[in-house]
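A single chain comes next, written as structure tokens; it is the form predicted alone.
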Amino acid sequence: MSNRTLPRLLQSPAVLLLLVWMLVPLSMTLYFSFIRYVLNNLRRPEWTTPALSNWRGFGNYEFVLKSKDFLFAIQNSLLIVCSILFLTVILGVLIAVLINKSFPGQGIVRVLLISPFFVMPAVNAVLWINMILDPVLGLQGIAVAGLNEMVAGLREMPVLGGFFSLWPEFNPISFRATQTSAYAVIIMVTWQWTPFAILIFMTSLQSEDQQQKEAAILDGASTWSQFRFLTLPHLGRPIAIVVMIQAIFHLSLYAEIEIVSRGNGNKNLPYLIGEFANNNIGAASATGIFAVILANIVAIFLLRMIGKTLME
């Protein structure tokens, strides 16, 4: 037996298990997407069983494509994912650079910054939508009410009162509304996942070449020049890795959307799959295939971007 055969034989059980683990659900989803499979149908009870006689071809895909929420779900998925990635990377880099310097209580600050990442998504959504973003009982409502009271007091001033009388009364934002519920999801997920980016960036900054920074300081380089030409290129690979990992997770967001708006004008592909899965398993499976295709497109784009970054 050659030196290569034995390692392959030892690895084969794990490889076969992984193939079965991935191929069986995918194959069943593909099969369901080509048949009429409806859980509750009194007029056509034969559709309630996943039989091959209920073959529909691409009918489920056509039904999903013609659905009024399909294109909106794709657009909303990309909006949420891209916004979260942009905010977490920007905030993660800035905070990591800020706390990378030594200061009293540095360890406690680092622990507090990382702690939101360990909050469960459902708990995170409930806390944000009820305790912070609620327009009446949340911190947002309290802050807006206090701001209106302050402006009302300023209007009574003898000199500047006329100026403040032109100010309109501020109204709190209802983040459960159709137009703003997606922004609530972006805010709460950004708060939860920024610590992940901070942790990766802080670890990378520990290996930054300090001799280059000292030489740049001696040459008179400003703080912005040091960050732009030394720190930011050093964080290129960690940024690419953070983007790829977070994109995979954020494409499957569900709990936050369910808790914030119940899908009222704020749906992504996983949420649309959940709606179809309540009864129409065929349409849900077809939507799942579309979600897999979208995830692969995003993954190919990110892998190419990461590969280019790693080769530089």
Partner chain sequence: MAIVAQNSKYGQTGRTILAWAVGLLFFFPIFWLVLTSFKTDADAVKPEFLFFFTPTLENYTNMTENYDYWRFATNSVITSVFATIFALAVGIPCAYAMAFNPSRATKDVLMWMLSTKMLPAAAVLYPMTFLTKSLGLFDTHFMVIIVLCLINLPIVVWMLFTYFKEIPKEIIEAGQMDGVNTWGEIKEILIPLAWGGIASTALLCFIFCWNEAYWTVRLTTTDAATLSKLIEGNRAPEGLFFGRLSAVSAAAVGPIIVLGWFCQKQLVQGLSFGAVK
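Residue numbers count along the first chain shown, from 1. Since the structure is predicted, the reported quantities are computational estimates derived from the model, not experimental observations.
If you look for the form predicted together with the partner chain, you will not find it shown, but the lines that follow are about it.
Residues N130, I142 and V292 are flagged as a possible site; in the predicted bound form, is every one of them within 4.5 Å of the partner chain by some non-hydrogen atom? All of them do, each having a heavy atom within 4.5 Å of the partner.
Decide whether D69 counts as a contact residue for the partner chain in the predicted bound form under a heavy atom distance cut-off of 4.5 Å. No.
Considering non-hydrogen atoms and a 4.5 Å limit, does the partner chain approach I273 in the predicted bound form? Yes, I273 is a contact residue.
So, R44 and the partner chain: in the predicted bound form, are they within 4.5 Å at any heavy atom pair? R44: no contact with the partner chain in the predicted bound form.
Contact label in the predicted bound form: A277 to the partner chain, heavy atom within 4.5 Å: It does: once the partner chain is placed as it appears in the predicted bound form, A277 has a heavy atom within 4.5 Å of it.
So which of A177, I95, I74, I186 reaches within 4.5 angstroms of the partner chain in the predicted bound form, heavy atom to heavy atom? None of the other options qualify; the answer is I95.
Between the options V89, L113, I173, A221, which residue brings a heavy atom to within 4.5 Å of the partner chain in the predicted bound form? The residue in contact is L113.
Considering the partner chain in the predicted bound form, find the one stretch among 178-186, 224-232, 115-123, 77-85 with heavy atoms no farther than 4.5 Å from it. Selected stretch: 115-123.
Contacts with the partner chain in the predicted bound form - residues in 90-109 whose heavy atoms fall within 4.5 Å: Contacting residues: I95, L98, I99, K101, S102, F103, P104, G105, I108, V109.
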